[in-house]
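Here you get one chain, nothing else, as structure tokens; it is the form predicted alone.
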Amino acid sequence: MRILVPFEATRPKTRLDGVLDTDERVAFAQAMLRDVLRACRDAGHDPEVVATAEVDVSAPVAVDDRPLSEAVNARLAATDDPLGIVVADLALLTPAAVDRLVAAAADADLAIAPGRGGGTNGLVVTHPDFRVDFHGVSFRDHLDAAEAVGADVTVVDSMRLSTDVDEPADLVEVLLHGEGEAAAWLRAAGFELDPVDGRVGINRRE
């Protein structure tokens, strides 16, 4: 299956600016992107990046200066085939998780993997009239959009698909569960787990 991976290449991961400088955010975001692409390929699918600027990865890259939702919707409108969409900051993604998302679309017009906090981290779209909107509470909005076009929906409950990395606290999950380049990048940059008062945080070695 063709899987689109939307990627903000110009100013990635700005909410991590408290722990990473600009160059580090770019490097870390690209490490997560490579992890996502590898998981999709290892699951037997064909990922391609839809990016706001050029990015050097081992997958086709289409630069599109439109907002990412518009760029994805243009591609949905241009195909009659099932189309997968997976966000680029799923540092815990594995081929098995990709398989679960794709398999869930076998008996539905839309398979959707919610993210924490109301977002949407993965979709497989087979209904010709469904369109995405990744702003706001997009999981709820996507359910409403599916209902509006008469699309059957399967929700995929997956820790690895739900864990996108936006805030410094999210780095804990990458260090705990990550197995790819993003986790290795954090460790090489000096990040480590820091248990404090029964909660696990992060610390960066000098």
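It should be emphasised that the depicted structure is a prediction, and the values quoted were computed from it without experimental measurement. Note that residue numbering begins at 1 and tracks the sequence as displayed.
Not on display, but discussed next: the form predicted together with a further copy of the same chain.
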| query | finding |
| --- | --- |
| Any non-hydrogen atom of Arg41 within 4.5 angstroms of a further copy of the same chain in the model of the complex | no |
| Heavy atom of Ala104 within 4.5 Å of a further copy of the same chain in the model of the complex | no |
| Distance check, Leu176 to a further copy of the same chain in the model of the complex, heavy atom within 4.5 Å | yes |
| a further copy of the same chain contact in the model of the complex: Gly84, any heavy atom under 4.5 Å | no |
| Among the candidates Glu167, Asp65, Glu147, Asp46, the residue which, in the model of the complex, approaches a further copy of the same chain to within 4.5 Å (heavy atoms) | Glu167 |
| Listed residue that, although a further copy of the same chain is not shown, lies within 4.5 Å of it in the model of the complex (heavy atoms), from Arg100, Arg131, His127, Arg75 | Arg100 |
| Candidate stretches 66-74, 49-57, 25-33, 167-175, one within 4.5 Å of a further copy of the same chain in the model of the complex by heavy atom | 167-175 |
| Residues from 98-136 in contact with a further copy of the same chain (non-hydrogen atom within 4.5 Å) in the model of the complex | Arg100, Pro114, Gly115, Arg116, Gly117, Gly118 |
